[in-house]
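Taking the form predicted alone, here's one chain by itself in structure tokens.
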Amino acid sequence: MKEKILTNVRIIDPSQKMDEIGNIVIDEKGKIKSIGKKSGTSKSAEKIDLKGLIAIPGLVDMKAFVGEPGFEYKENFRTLSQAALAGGVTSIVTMPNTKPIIDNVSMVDFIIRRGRDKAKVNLFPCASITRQKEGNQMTEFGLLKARGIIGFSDVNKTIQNTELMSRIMNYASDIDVLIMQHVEDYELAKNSCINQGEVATRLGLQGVSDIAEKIIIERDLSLLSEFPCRYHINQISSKNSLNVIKKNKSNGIKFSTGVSINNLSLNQNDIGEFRTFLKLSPPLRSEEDRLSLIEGIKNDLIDVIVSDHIPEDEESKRLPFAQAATGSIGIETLLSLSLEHYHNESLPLEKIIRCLTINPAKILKINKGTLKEGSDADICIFDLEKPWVVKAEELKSKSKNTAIENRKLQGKVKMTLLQGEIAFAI
């Protein structure tokens, strides 16, 4: 690879507290050679004038479903990579709810090998916390970690058994693995499909109260004070949950918290008349809850914004609301929808970028989400002001179940580099 210089670019890198106009020099090995306004140039290097566009570290998405193996008709490594790169995402944590489930060494070897052969982004696979995600017997954390597993999650299922959860935390603490919990009490959430409240009553649907989320958070954080492991709440959705998080963080309990871009940008009223593409887990809640989540990011109670990318085929979504599949695609629109909160002055630009880059990288303990010298040149370049409209048929995911069809956004990815090579450009 020839040395490259990205010139006339606004560089925003929260890991270095950098926001300045300058150059990015990428060496022949795809590493950052120098960066910033004092960065040098070279006559032999390939120059790319970015004309004032913004460069940030490639996004790190901590929660996405890939589809392989078993659900290739929904998504596969190739289409997920294309969608991710179009959205400036260069590193993805993939969930283990494939078919078969990733809960043993042979499946880990398969998924890593298949991803290496077919994916065009950095993949960091998760394994399930319990065998077959059944919540009864924990998987072999040590063996799976040694084979390349980045963390453990039962995805859309919660460990309900408190005694088992205490053993999981204790073992995870001993061998330093990341536990990523879906926080929702099964009995309280059973058969529900929407937030409990006025909208659920009007539509005649069974709702779930945010107490189902709060109870599991309170239980797990109580256990965490006894068994301090690396613990991450995958997604929260309510103001009440934030109050619990704030109390525990002020008491010195160490853990991290994520939020879906959907819960950050939509509320239960957007469901309208049974819009099944907005059937999500956790469900969309009230506008008060949504605004509290934004405050949670401002106040460092929420560390990470995720796409919660869940591709579903149209037949699974074109059903009565209660029977429709849960989830929405979102990896391609993650950055643009996040930027909405900058444009409406809800969040500072640096805070948004931090939650999409260095924060998830630190939680995962991976050398991503930064443009420091010597790091891989995984770079997202975007136009902060570019307006566009989300059209499902134009998105690169294999499935088209976006929750934000026809939404007008401002801010568009123009180029994505992976290890110094241009992997996407428009």
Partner chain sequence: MATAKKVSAIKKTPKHLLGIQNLTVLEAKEILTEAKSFIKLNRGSSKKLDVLRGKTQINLFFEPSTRTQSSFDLAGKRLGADVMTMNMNNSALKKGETLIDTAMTLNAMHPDIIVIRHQDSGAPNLLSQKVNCTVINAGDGRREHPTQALLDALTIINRKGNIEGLKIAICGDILHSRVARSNIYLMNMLGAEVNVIAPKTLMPKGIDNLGVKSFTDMKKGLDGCDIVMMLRLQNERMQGSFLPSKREYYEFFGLTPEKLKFAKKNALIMHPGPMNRGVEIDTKLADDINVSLVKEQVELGVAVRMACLKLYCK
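Just so it is clear, the structure is predicted and the values come from calculations on it, not from any experiment. Numbering follows the first chain given and starts at 1.
Just so you know, the form predicted in complex with the partner chain exists too; it's not on screen, but the next bit is about it.
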Triplet 222, 226 and 364 all within 4.5 Å of the partner chain in the model of the complex via a heavy atom: no
Please determine whether residue 176 contacts the partner chain in the model of the complex, using a 4.5 Å cut-off between heavy atoms. no
In the model of the complex, does residue 322 have a heavy atom within 4.5 Å of the partner chain? yes
So, in the model of the complex, is residue 273 in contact with the partner chain at a 4.5 angstroms heavy atom limit? yes
Residue 204: heavy atom within 4.5 Å of the partner chain in the model of the complex? yes
Let me know the one among 198, 134, 140, 350 whose heavy atoms come within 4.5 Å of the partner chain in the model of the complex, would you? 198
Find the only residue in 344, 106, 191, 251 having a heavy atom within 4.5 Å of the partner chain in the model of the complex. 191
The chain here is shown without the partner chain. Which stretch in 75-83, 252-260, 106-114, 313-321 comes within 4.5 angstroms of it in the model of the complex, by heavy atom distance? 313-321
